[in-house]
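Taking the form predicted on its own, here's one chain by itself in structure tokens.
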């Protein structure tokens, strides 16, 4: 018998169960989402640990906003973001990749810029009348770092701290203790909203993943895998997934966990060393958390690992999904072998989700079904569209007043 009732925090009672899902994937809506949601939201674009020293940089393409950015660590240690555009003739400064340079040079005419974005070299300088290099620095994009996560915002109306709400100070040191062990990028024929939705409910796990991880959640006391805890914030959602205490280890799992920490699909049931943001309700039978960082980012946070999924829309019906997997830093080859099992199993589970997304988008595009009827276990999806619809309807000032966030200091408004 199912004895698990979800503990809700936030406004779950006013959510409408019927969602006009077909209208959420149209080209007209996507055009509005790009300007009123993506341009005004804090967007995760990478980890600060990738920038190991002053002058370290990487290029980040954001096709959703038709932008290319250079993310660079300055000589003062600060991480900054700039449009990847030379201030002379608009050439793309760095085509792709990452590196470390004392100056960013343009291959077109040799202009140079410091890691802080200042114009420091203008070739044949005396041929430019009334030249003022102080007015020709790289074009900055608002950039902040939170627990190793780099965020940018093209039209900031509040600080990152205000945007992240309760989560701002709840994950000290958690993400930094893990290192990247896998990264995948896949272009799918599906709307980005459907992608985010697929990873913010656990209702599907009993069915889609019955061949790869059949009994990793729920168990005898929670057969339908109800979430023990769900929090609806102003923009974001966070919930805990239930572990299965009756989970049967396969021979491959037994070998993997023999040499390393138990990770997905197993659970340790030891939560005393978790930071406040991980398993925030301290649910007893806990496996991992799912955090939707609105609009396009989903984090999974576990005992010894975390994953980050980001959905970058290219069009109303095309999305690039990037998955990054992180795990504890291994001390020996045995622990690396253990992580390899976690990495490969996670890849197979991801493929099942993506295949379903393309089929769902194709079916909804027929126009035959206008609305979807969702359960309380899909409240994160309902909240996602409530937040999105609010941003699409509001003008920027009205939205800013509604969310009540702290404004950026004047020097950060560029």
Partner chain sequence: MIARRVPRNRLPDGTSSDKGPPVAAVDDRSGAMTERLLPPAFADLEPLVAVWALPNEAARQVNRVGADLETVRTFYLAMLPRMPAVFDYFERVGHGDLDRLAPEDRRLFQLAASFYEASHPVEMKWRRTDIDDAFPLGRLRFLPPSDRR
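Positions refer to the first chain, counted from 1. Owing to the predicted nature of the structure, the values given are computational and were not obtained by experimental measurement.
Below, we refer to the form predicted together with the partner chain, which is not included among the displayed structures.
Screening 161-169, 146-154, 187-195, 105-113 for residues having heavy atoms within 4.5 Å of the partner chain in the model of the complex returns a single hit, 187-195. At least one heavy atom of residue 251 is located within 4.5 Å of the partner chain in the model of the complex.
In the model of the complex, residue 338 approaches the partner chain with a heavy atom inside 4.5 Å.
In the model of the complex, the partner chain lies within 4.5 Å of some heavy atom of residue 332. The partner chain in the model of the complex is not approached by residue 314, whose heavy atoms all lie more than 4.5 angstroms from it. When contacts are defined as a non-hydrogen atom within 4.5 Å, all of 181, 214 and 351 contact the partner chain in the model of the complex. Interface residue among 230, 293, 256, 287 relative to the partner chain in the model of the complex, by the heavy atom within 4.5 Å criterion: 256.
Though the partner chain is absent from this view, in the model of the complex it lies within 4.5 Å of a heavy atom of just one residue from 61, 358, 35, 389, which is 358.
No residues of 33-58 lie near the partner chain in the model of the complex, the criterion being any heavy atom within 4.5 Å.
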